[in-house]
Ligand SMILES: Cc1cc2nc3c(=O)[nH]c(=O)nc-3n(C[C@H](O)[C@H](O)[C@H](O)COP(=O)(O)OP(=O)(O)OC[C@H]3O[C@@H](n4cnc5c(N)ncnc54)[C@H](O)[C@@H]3O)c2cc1C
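Given as structure tokens, the chain that follows is alone and in the form predicted on its own.
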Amino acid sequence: MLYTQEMIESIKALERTREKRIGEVFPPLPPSEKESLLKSFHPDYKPGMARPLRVGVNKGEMAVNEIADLLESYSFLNPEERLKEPDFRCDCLVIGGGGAGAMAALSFLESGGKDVILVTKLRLGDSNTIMAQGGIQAADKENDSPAIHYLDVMGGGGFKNIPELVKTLVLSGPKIISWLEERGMMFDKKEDGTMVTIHGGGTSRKRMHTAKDYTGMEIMRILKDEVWNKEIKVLEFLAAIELLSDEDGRCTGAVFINLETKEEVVIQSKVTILATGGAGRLHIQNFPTSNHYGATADGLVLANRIGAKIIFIDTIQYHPTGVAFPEQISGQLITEKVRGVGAQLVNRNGERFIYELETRDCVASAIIRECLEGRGVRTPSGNLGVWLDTPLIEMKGGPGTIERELPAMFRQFKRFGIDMRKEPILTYPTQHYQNGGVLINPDGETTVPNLLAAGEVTGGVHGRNRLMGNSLLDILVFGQRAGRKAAQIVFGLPHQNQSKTLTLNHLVKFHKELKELGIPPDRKSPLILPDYRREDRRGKLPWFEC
């Protein structure tokens, strides 16, 4: 038992109300109360957290301050200097080694394309995909349909989603599940072979397909195996620092920095797919994060500078249940599946305060409210959280349910001496997902010719709040469609397309605007990796010291 005496006293209060709570039906919030809760406690509504962008094609678009700072920064490259000759040439360049990037590269080949290079700043698979736990949504049961799935997605996103993107997402769901299963995905199944499906927050049907609580890892295993089997060229530890354009404003490749040798690498391509993921490692409003180390909004920076339209970057998803204690793993995810299989949220007095499967924005807001109004549980370092009453899972599902359904969660806490079968666990919201991003159409095309995008770097699919299980579906649906469209673009180009000059022309006007605004010339982006060094030891990051 790691818990402090204060925590133990709170657990006793929780245990006293457990018998009453176990059969309690907690009603969902009516729309008016939801809106009031969000406006009062969700971090997106905190005054001063966002501002309009002041430069570039997205001037006037609202952005959270941390992203706005990166978007209003200079490139590491000087557009007046001559570019080196390309180190590689290819038909299709995919930037990003997570689920969306891998799927896009595979789809390009499956659509008849032949010459694709996948570049990633860390290793193939280092991404939020591999960290996703709870499941992937798809409406493939008799009591469900893509139309019902569509309504859930739109409602979850506050009806701000782009309808055509949502339609594409939900109609493609069942085919994606089949695509994964045909390649060996180990979905959870009943004895008769039918797939197990569960609820997630905001879903009206049980359509979450799972592989225990390792769903993202299992999907990434399939994708990595396929990438290696197809012998796709993969270049690792190359971080994209700028996109290239030609005289007509079309995207023609990218410039990278080799994180090991510090050398610049230029790749010329006929079509480029951005799949760089999200922005969790910016720690918006100082929240902890569940994201991997590479999630630093690099794709947003590059897309914005080349002139691609961006939307909804003033909204961030804070997953309701990040780890609040033990503090060594603060911010790591406690999958929504924990609530889906029966755990209840309880404050320090042993009281429930929200229907656990409300949409994520509402549940996160309710937890923040409990803590701000004095009903949170304090950790040794002074942070706050509320309880997830996990022993209820075993009481409802029988002994062994947690180890069978949530093996990753069980091990995550057991290694710190907490047995979630017998003790509740402490939780607080953690920065989890970038709701907005690069605007795309259903084929993944951006507003810049020959630049496509897929996955968390994009915006519009999920509106202002994503539902559980739709991100894994998103990366596969739109990764696949972007790869297919890229092949079509390549087939339609003149044979000698790569004779166009490579330029950084798009930077000339952008840098001029920054200078007129008085932005200091040493403010540069993308960030590439977060800097967790001590304050007194910070300086130029190692790969820019040359």
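One rule holds for the numbers: they count along the sequence shown, beginning at 1. Since we're looking at a predicted model, the values are computed, not measured.
The form predicted in complex with the named molecule is left out here; the points below concern that form.
Per-stretch contact check against the named molecule in the predicted bound form, the hit in 470 to 478, 366 to 374, 341 to 349, 160 to 168 (non-hydrogen atom, 4.5 angstroms): Residues of 470 to 478 come within 4.5 Å of the partner.
Listed residue that, although the named molecule is not shown, lies within 4.5 Å of it in the predicted bound form (heavy atoms), from D144, E356, D91, D298: Here the answer is residue option D298.
Option touching the named molecule, based on a heavy atom within 4.5 Å in the predicted bound form, out of N128, T315, T390, S269: It is N128 that has a heavy atom within 4.5 Å of the partner.
Touches the named molecule in the predicted bound form: H432 (any heavy atom, 4.5 Å): Yes, H432 is a contact residue.
4.5 Å heavy atom contact, Q412 to the named molecule in the predicted bound form: No, no contact at 4.5 Å.
Any non-hydrogen atom of I95 within 4.5 angstroms of the named molecule in the predicted bound form: Result yes; I95 sits at the interface with the named molecule in the predicted bound form.
The named molecule contact at L122 in the predicted bound form, heavy atom, 4.5 Å: Yes.
Sequence-ordered residues of 290 to 312 touching the named molecule in the predicted bound form, heavy atom within 4.5 Å: If the 4.5 Å heavy-atom criterion is applied to the named molecule in the predicted bound form, 290 to 312 yields S290, N291, H292, G294, D298.
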